[in-house]
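Next up is one chain by itself, shown in structure tokens, the form predicted on its own.
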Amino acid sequence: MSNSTTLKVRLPVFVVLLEIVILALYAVFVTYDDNANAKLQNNQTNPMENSLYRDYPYFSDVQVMIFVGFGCLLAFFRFYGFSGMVFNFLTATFAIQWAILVQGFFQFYYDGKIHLSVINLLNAEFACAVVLISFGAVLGKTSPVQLLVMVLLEIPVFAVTEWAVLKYIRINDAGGTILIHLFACYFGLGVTFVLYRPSLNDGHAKEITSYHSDILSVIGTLFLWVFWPSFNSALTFKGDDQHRAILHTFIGLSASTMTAFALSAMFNKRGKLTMADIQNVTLAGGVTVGASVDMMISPAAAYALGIMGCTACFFGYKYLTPFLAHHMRIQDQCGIHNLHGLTGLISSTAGICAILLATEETYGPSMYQIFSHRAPPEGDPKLLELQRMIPGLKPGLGRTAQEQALYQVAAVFSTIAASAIGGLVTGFIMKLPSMASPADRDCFDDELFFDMPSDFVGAEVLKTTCNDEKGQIKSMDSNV
């Protein structure tokens, strides 16, 4: 390892500084939520009414997705399995710690404290998912120091964008299509645009998979697939909204999975299945139903969205990813533009259509709860009438369906713009010489940053062994 990439000083110093800052901020600003505060417990308290029992199942499901699903999925390179899983572990852990503080800043602004609860952890996990999606664009080409810097910068940009969109534009985005998938995608593309490496456009000797790495990656896909309904439904209204979200997500995922197998066999020259399609394209339906996941779109529409998302994702991997690399300086290592960008745009369009088609005839009075910004404003006689039917219904903005649809469009473009600009700025900072960035020849190689076990066969050894075996076979053939 050269002095330019050694972690001996850089990583410990950077981590210790981060931990000191986070510890100080937690000590000053973070306290318990009412549901975790012992002072508020008395003989009138029913422990089973604690919000823990409502929120923890979703928190644990999303945690499995982040640490196991993403971790295994990113271990698909033959010589980069340690880095894919372990850097995911490091990045995710710091992202959640940091997101609790950054997202909690807006709570601190109003309350003077950040009140920590399981729902705060869940929101922090969604912010973490944003970072891990962006990480996919630069997989194999960055050091752990660079990744920590990316977390440090991306979380605040995401939190501010999320706050601005939800407070001022005010949209429906139950599954996080706009604020998670589109933001993460275009932030990651902005970073990889700045970190462009011309020599990697034609591939890299170590940019290959193996039998065991592909199996591990598919295990990650299966974890993501199984728990994706929790991801899409965690923040929806409890009851029938959450019920629809789970149903639509499963139907969309199952449709995209079936379609992925068909397309993979159809477009393979030998009519066989390609593991990359199974690892990624099967998940497209989970993203595509996200923007309308809690709406009355019908099971058939969810199925159609799963097929559409899978098809777009598949052809994106096949044709768009190489085009972006060769003509637009965007080396999207994991194809996040296909799985999160293209499908996110389809999902956003479907959500806009669902908003335009929403009527009281279909939804009943609950339409003004699902589409809260369409509810009558304070003082409107209709609001009092609706509140008699739906106790607790909050005043809205009185928007029409067309107005809400336009705000959704505005949110899509503003989110993409904010994330792309944030990604470009972050990329320039990550490119600084002090960030221990690997040289082109050392990309996709665990040996650069890890002490490898004795049974690990590196790329150079493997190449020599293969050449020796070829020479022996050639010699045997000549003797025969």
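If you're wondering where the values come from, they're calculated on a predicted model, not measured in any experiment. Numbering starts at 1 and runs along the sequence shown. What we label the rigid core is the largest C-alpha set whose atoms superpose within 1.5 Å from one form to the other.
Form predicted in complex with a further copy of the same chain: not shown, discussed below.
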Hey, with a further copy of the same chain in the model of the complex, do S51, F82 and M258 all fall inside the 4.5 Å heavy atom range?
-> yes
Partner contact check in the model of the complex: of 326 to 334, 302 to 310, 156 to 164, 342 to 350, the stretch with a heavy atom within 4.5 Å of a further copy of the same chain is 302 to 310
Looking at the partner-bound form in the model of the complex, is D442 within 4.5 Å of a further copy of the same chain by any heavy atom?
-> no
Is E378 one of the residues lying within 4.5 Å of a further copy of the same chain in the model of the complex, judged by heavy atom distances?
-> no
With a 4.5 Å heavy atom cut-off, would you call D214 a contact of a further copy of the same chain in the model of the complex?
-> yes
Non-hydrogen atom contact L139 with a further copy of the same chain in the model of the complex at 4.5 angstroms | no
In the model of the complex, the residue from S372, Q107, T321, S117 with a non-hydrogen atom within 4.5 Å of a further copy of the same chain is S117
Of A401, L383, V102, M275, the only residue with a heavy atom within 4.5 Å of a further copy of the same chain in the model of the complex is M275
For 11 to 28: residues with a non-hydrogen atom within 4.5 angstroms of a further copy of the same chain in the model of the complex?
-> L11, P12, V15, L18, E19, I22, L23, Y26, A27
Core fit, then Q41 C-alpha moves 2 Å or more between the shown form and the other one = yes
